[in-house]
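Listed next as structure tokens is one chain, alone, in the form predicted alone.
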Amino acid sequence: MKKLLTLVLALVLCMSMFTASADVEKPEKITIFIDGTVVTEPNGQAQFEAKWEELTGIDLEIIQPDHDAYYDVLQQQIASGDWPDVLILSSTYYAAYANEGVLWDMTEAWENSATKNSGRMKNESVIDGLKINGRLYGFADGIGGGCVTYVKKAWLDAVNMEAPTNWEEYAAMCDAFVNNDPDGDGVKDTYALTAAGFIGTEAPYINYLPEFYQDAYPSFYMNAEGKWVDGFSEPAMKAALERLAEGYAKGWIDPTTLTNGTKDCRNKFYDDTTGVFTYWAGTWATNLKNNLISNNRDPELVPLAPLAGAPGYFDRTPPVWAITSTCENPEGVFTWFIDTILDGGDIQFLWTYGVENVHWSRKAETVLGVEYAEGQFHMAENLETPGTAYTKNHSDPVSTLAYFADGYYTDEFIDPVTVMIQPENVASSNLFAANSRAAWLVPSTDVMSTYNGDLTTLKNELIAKVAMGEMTYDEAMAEYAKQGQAWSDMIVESLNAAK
């Protein structure tokens, strides 16, 4: 009876989708342009693509540049005029491309969608927060989330310290991690931390170095008076850059930080080059632990609350799935691609956990030393990183915006979240939730589209030069006044005029 009930419910879901799309032409092929947050070729992308095509009956073409070069390649793709049907975009590019007419307006499609009207949405305010001047150009399947700072407990113990609670304690810890041999190899060969650049490539920009930036913000934000301002010119930035310069000069910060990608940073953390790593809360807490174990390192990590006086971590505007304005059948692509990501059934499960017997399984077997009985859900060993297990596919099962349909899970096939979620996942998620603030979704204006690219490049250059001791803060601000202040003033004016 339970199996029959599940089959009937699945049939109802399929019929509701067909009914909703009866007047929408079904695409024969959909081309998507994605980053590394979607399953990569070494991790079973071919099997994922085949399963998605089996469930939808649509040919899926996947274009996936290297994750760290994604936005460089994306800009080249947009400039070429050869646009895919669907893109993944960070908040910065989402606002800019919406303003430039690159994205299709999906407002009405969302209002009439099966997902919105399913009664399964957990937090529709996330979607509402993506609207630009009241119109929706992108869809998110989960909350934005953000980063917390993890410190290796073994390193703290080695230097006889507790987790820091203020800047002075944090600086002392960094100094000890460089000078007091925390990895115990008898060689002075460690750094306290590294990051993928001194400033991030997308909003909220400072999320990988929060202890150094604290209340400083290098881009445009809305202040307490409700006015848009350029945080790069504000006094808090001076203290932030001086902290970065101190950390670099004293060897706390890995000297390759300027050119690191996120994968470089993870590898340095795993091989005991660094003891502090600011990275995503939630699932990544488990990923970090598992990778430390596979590298024969002590896996215990201490997530830090924001330092005293700091305003907290940033809950970013989530990345979005967007349809390009040149798509020949945007309604069909929305119905058969966007609206099925959270369909409450097999397609949502595919986006969340991947492909059976590739990314997860229910067969009797031993995975990484753990025995599983027949029918017991478990994630498979990572194809690209042997010695670790998968924790999810693209969608995070904890932070997803929609529940699965009633009856999708049965006593024989229970919700994997109930057996998968690990204590470190819960601890970092709760710490982040209690100590985070929403990032700003900055609207794009014609003036911003014209000048902000060059202005951001200038800011990044000046931040790096001050951090690396090649320029003082005052010299950097003099250069900013000379080259960029006029652009900044025009952008601020345009943002406040558009409110």
Partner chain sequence: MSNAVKVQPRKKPLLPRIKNYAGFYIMALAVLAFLVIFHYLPMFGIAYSFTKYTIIKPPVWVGLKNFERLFGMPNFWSAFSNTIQLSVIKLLLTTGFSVILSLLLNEMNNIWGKKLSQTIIYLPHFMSWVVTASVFQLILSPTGQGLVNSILMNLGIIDKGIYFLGSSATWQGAYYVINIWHDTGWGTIIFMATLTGIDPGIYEAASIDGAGRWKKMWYITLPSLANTIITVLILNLAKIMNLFESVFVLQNDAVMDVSQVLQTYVYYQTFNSGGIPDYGYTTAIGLFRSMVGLFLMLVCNYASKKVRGRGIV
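Numbering follows the first chain given and starts at 1. Model, not experiment: these values are computed from the prediction.
Although it is not shown, the form predicted together with the partner chain is what the next lines describe.
- For the options S361, T283, T92, S399, the residue carrying a heavy atom within 4.5 angstroms of the partner chain in the predicted bound form is T92.
- Note on the partner interface in the predicted bound form: the residue among M161, I347, I199, A114 having a heavy atom within 4.5 angstroms of the partner chain is I199.
- You can rule out all but one of 172-180, 223-231, 114-122, 74-82: in the predicted bound form, only 74-82 has residues with a heavy atom within 4.5 Å of the partner chain.
- The closest heavy atom approach of T256 to the partner chain in the predicted bound form falls within 4.5 Å.
- When the partner chain is considered in the predicted bound form, Q485 lies well away from it, no heavy atom lying within 4.5 Å.
- Residue contact check for K465: one or more of its heavy atoms lie within 4.5 Å of the partner chain in the predicted bound form.
- In the predicted bound form, the partner chain sits within 4.5 Å of a heavy atom of V102.
- Shown here without the partner chain, the chain has S444, D446, M448, S449, T450, Y451, N452, G453, D454, T456, T457, N460 in 440-460 lying with a heavy atom within 4.5 Å of that partner in the predicted bound form.
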